[in-house]
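Provided below as structure tokens are two forms of one protein chain, presented individually as structure 1 and structure 2.
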Structure 1
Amino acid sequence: MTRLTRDSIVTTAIEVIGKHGSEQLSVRRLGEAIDADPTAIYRHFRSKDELLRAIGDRCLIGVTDDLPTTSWRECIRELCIRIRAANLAQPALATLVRGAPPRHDNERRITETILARLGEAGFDSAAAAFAYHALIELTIGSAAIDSSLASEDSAARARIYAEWRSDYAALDAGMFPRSVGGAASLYPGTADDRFAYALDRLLDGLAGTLS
């Protein structure tokens, strides 16, 4: 039997999630997959929650590597785009790290990078903390909203957005005049485009507080 490590347990757990979904991951099922007594897992993880956080953290590997150094804004913008992409690439894993503060290395590197760049830009600790939360909540929230369509190709997503625009256009214009009048402009471009727009406007606002 292969020697168990934290890394090997996480790898097997990800395989189990791929087959059965994160809701069906249990210590018993994981024990069967690694061909070991389930209690062996607790020699490497203090709890199932700690294991789940480690699994979720795996999808964030590399997001802080080789970030732009031209400006604090470009660095943070690129990092947020990468975080969102990582969440969309593995939504089942990403959900495991959304509900609590950072507790593993990749999450902690993200926090440290954002706070460091904001500090270098001139934000004091309190302002940097509020900015950090705004950036992370926009990024993770966008990924959570878009995750249901993440597996669809661009043509399928375009058709879905067109259907949604039609739904708005078909509303009672007397009750929802702005929605009907603006229906053709809703859901423009891609979800990536819309996230980039929101992120840029948030960064504009943050930059404005420094002047």
Structure 2
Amino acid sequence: MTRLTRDSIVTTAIEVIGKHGSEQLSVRRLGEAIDADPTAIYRHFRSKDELLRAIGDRCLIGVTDDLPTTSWRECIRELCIRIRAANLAQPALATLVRGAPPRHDNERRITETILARLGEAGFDSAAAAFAYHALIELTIGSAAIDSSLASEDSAARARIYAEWRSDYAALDAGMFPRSVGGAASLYPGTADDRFAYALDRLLDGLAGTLS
């Protein structure tokens, strides 16, 4: 590291996360990676939280680029799927879930894109605001929930889901008849599939308010 800047710290932090996993990103470890005293970071970021948010925004680079122009639904659907993917790629970020507004450029472009497509589709600004918040809550919330398993590979995830299905199947059938009966159907597909299903149903519901 020739020079310490916000950008260079973020870059190194992402390398550290890539190598050691996002739970292992501590101020001390990051200090080692940037070859400076850990506390030097506090010269560039007010807190670790602020650093994590900057990392989060870096991960969102390009999510609003080249989105489908076929329809507002397709565009927003693809954007939400990309946001989720970006969040799951850095599981530590998903735990940073928060209702605060975007303070960084990539985040701002997301808001702008969603509001613009909704506006063009015919939502007035009140309806667009409710729809925007609904989409973000589902997308970010779902990523937070799924992030616990995001570090496993797909075979491991499939194995874990199978275990969980067995747990349901082993419940007392008198008290939990539907859980036992439906156990084999729970956790269908991948977490991405389940998110896509939820997103599509939410978009159905939102589209229904237009007519």
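Numbers follow structure 1, counted from its first residue as 1. Take the two forms, superpose them, and find the largest set of C-alpha atoms that agree within 1.5 Å; that set is the rigid core. Keep in mind that this is a model prediction, so the values were computed, not measured.
Structure 2, not structure 1, is the form predicted in complex with the DNA.
Checked against R58, A36, I136, R157, the hinge of the rigid-body motion between the two structures corresponds to R58. The smaller of the two rigid parts turns by 22° against the larger between the two structures, as judged from C-alpha superpositions. The rigid core superposition between the two structures gives a CA shift for R43 of 7.1 Å. Core superposition places the Cα of R28 8.1 Å apart between the two structures. For V10, the displacement of the CA atom between the two structures, after superposition on the rigid core, amounts to 2.9 Å.
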